[in-house]
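Shown here is one chain on its own, the form predicted on its own, set out as structure tokens.
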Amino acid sequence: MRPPQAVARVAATLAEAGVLDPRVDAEILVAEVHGVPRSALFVPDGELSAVAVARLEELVARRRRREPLQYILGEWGFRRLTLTVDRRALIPRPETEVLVERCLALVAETAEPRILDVGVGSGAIALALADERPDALITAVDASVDALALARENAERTGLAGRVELVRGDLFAGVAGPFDLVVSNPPYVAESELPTLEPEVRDWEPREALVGEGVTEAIAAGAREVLVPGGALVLETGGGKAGEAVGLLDQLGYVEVRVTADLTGLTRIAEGKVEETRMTSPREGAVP
């Protein structure tokens, strides 16, 4: 079977299963088993081996069950890194790359910025920041033992082991600060919204990383306790819901509050700063 023929068949199969981008997924899966880039699938020469065809059938069967493509491949790109991905953590997404972009901008003028990532998951945010700001001092916390194990694996894989301190704890437990920046992609899906999500998300990604009413509020409040005066908080929210987070940050007394849209134009990133002139407590800049 030639690759173009395989792509057409797989795309038709995935379309019947309700996959949103069947052609793209088909090309990626065929390229994976054929051992070539997607751009090489449509050259005149080339035929899938019997081994490749058998493996393709296995991968397509998994995708028909709506298992995420990223979990099937076992890895996915995030900014300049390639990360191991599996069911221990959320899949790194393009909108979270925008979150990292805002973090980098906010600490651009800070030497050796101290950064806290609340809810490290796969390690995507913390490791991307470590990769792109080699002088940053990064701490990342997560309550999930499995997620922390995956983050450690990715730190080793990317050559960034030792650059990120990984801490097990719920939200700010186990971290003292102070920090120049706190960043988080918290669970923000309401329980009532879960049935409306695509099967790839609803049935496969870890529930505790998806559903967490009140977590964004807790992070926004807790960040004030560990941020230095002038320090910033950056939050990812549900698509189009950053306005709600802006109201929360305003209510908590953050200044320079703003939103940033994701690559699709939906407002998704909310950020704010702690006032430079606020009163500090003995806890290195903490607000009582």
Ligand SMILES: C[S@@+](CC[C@H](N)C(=O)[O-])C[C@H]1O[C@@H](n2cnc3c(N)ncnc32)[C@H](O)[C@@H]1O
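Residue positions are given as counts along the sequence shown, with the first one as 1. Nothing here was measured: the structure is a model prediction, and the numbers come from that model.
The protein also exists as the form predicted in complex with this ligand; that form is not presented, and the subsequent description refers to it.
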query: Contact residue in the model of the complex, from L106, A155, A147, I138 (heavy atom within 4.5 Å of this ligand); finding: A147
query: The single option of E208, D203, E191, E75 touching this ligand in the model of the complex, heavy atom within 4.5 Å; finding: E208
query: Listed range touching this ligand, judged in the model of the complex by heavy atoms within 4.5 Å, from 130-138, 107-115, 191-199, 162-170; finding: 162-170
query: 4.5 Å heavy atom contact, A176 and this ligand in the model of the complex; finding: no
query: Contact test in the model of the complex: V182 vs this ligand, heavy atoms, 4.5 Å; finding: no
query: Proximity of A151 to this ligand in the model of the complex, heavy atoms at 4.5 Å; finding: no
query: This ligand contact in the model of the complex: T96, any heavy atom under 4.5 Å; finding: yes
